[in-house]
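Next up: a single chain in structure tokens, the form predicted on its own.
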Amino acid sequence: MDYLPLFLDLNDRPCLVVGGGEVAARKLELLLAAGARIEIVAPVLGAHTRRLVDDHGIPVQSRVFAASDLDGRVLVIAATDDPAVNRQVFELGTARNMLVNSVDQPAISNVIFPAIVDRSPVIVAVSTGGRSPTLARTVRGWLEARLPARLGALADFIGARRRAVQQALPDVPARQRLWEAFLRGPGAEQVYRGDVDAAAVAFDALLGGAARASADGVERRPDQGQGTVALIGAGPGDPELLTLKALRLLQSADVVLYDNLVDRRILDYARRDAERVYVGKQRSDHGVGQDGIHRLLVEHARAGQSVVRLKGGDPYIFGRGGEEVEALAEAGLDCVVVPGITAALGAASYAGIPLTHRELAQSVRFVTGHRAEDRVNLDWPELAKPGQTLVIYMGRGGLAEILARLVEHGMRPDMPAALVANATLEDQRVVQGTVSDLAERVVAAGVTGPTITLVGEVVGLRRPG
């Protein structure tokens, strides 16, 4: 290990920055965030540094560096564009056993600044020992994507209850089991959602049970009670279109229920030991059935497990997410709904078709082309009106009937239309035509897979490729 990672308390402690350019400004921002008492020595200040000085009242010595500037400092940063000055600061500072950082010059530094993920009070620091700041920033980006935005709020929640836990549970292993149960249970997710009151109720129940077990001399894991359920929109297919929240919940799930529209690569983001349950339904195969899905969600949650229901697109757009939330509510179970990029948005974007356009389409209609009793029942006069974009889900089977009915109710036969199959995936296909000939073109193309049909003037903006 080249460097020992430490976290330094600089609150109201004297620090010196030598230099006034952009490099110095970046370090000034970090020192200000840490509450340091800063002084700058520099003949000239850059615009960014000048703004920080003016905004925060930082004292400035407008001259070249002198050895006496080091007096009484805890940390010194050499941030000039003159290597000789930076070396002088380093040599004089280390002779006084001071902490000295020469920016981007690890050879003349005895401390280095890491790349920082700030979820205060949770701080994560990444360092490559000065070998590659770019790599450190890249790793920081990976961590930023994995850590919840409200992780600091969770740390505050726990910190406020540590003393109560210590008093109720004198045994250290019992306290550890309690915190592990809380972090894996619904309470932590409630804090992430900002529902601290509900989290407090869940925590108090957990602590009460653990305290009773401790008083009885029973060593057991705290009962984390009912588990959590998250309905997650997996997007139209491309795994990189998952939201950060969806990824975090998926990676912490005990059980993952997924349907036919979820790309299997998305399942690779789940824990290796997570149970994966296929509950897909297709036109000719109803699989588990909706009632069976409801039953599985309730059973796993009541067993104290963290359950994720992965749904293609968005749970609340023709995904029957509303029905699943209702079933969970009837069972007394809470549910987190994580929106996903809809199939319509994914198909339109990847096909190069804008859904709205100031001159062509001022509204968008989402409808389902699913055939009930072998008929498609829609408000045809409204759908045939101009100045809008029509998005048809699950319409391939009844496409000819749908397009013919639109023409019957006043839509121009030459209105541009396109069908997108397997949207956002490598095998995405786009069949483009008009409402009068698209159905024939689709049959001739032998299209398979999930489809979205787009109808409107905006389709004509696409350039076939």
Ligand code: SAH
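Because the structure is predicted, anything quoted here is derived from the model rather than measured. Note that residue numbering follows the sequence shown and begins at 1.
Omitted from view is the form predicted in complex with the ligand, to which the following refers.
Contact with the ligand in the model of the complex, defined as a heavy atom within 4.5 Å, holds for exactly one of 199, 338, 394, 139, namely 394. Just one of 261, 351, 75, 274 comes within 4.5 Å of the ligand in the model of the complex, counting any heavy atom, and that one is 261. Although the partner is absent here, residue 24 sits far enough away that none of its heavy atoms falls within 4.5 Å of the ligand in the model of the complex. Interface residue remark: residue 313 is counted as part of the site for the ligand in the model of the complex, having a heavy atom within 4.5 Å. By the criterion of a heavy atom within 4.5 Å, residue 106 is excluded from the residues contacting the ligand in the model of the complex. When the ligand is considered in the model of the complex, residue 388 lies well away from it, no heavy atom lying within 4.5 Å. Every member of the trio 319, 423 and 450 reaches the ligand in the model of the complex with some non-hydrogen atom inside 4.5 Å. Picking from 414 to 422, 435 to 443, 26 to 34, 44 to 52 the stretch near the ligand in the model of the complex, with a 4.5 Å limit on heavy atoms, gives 414 to 422.
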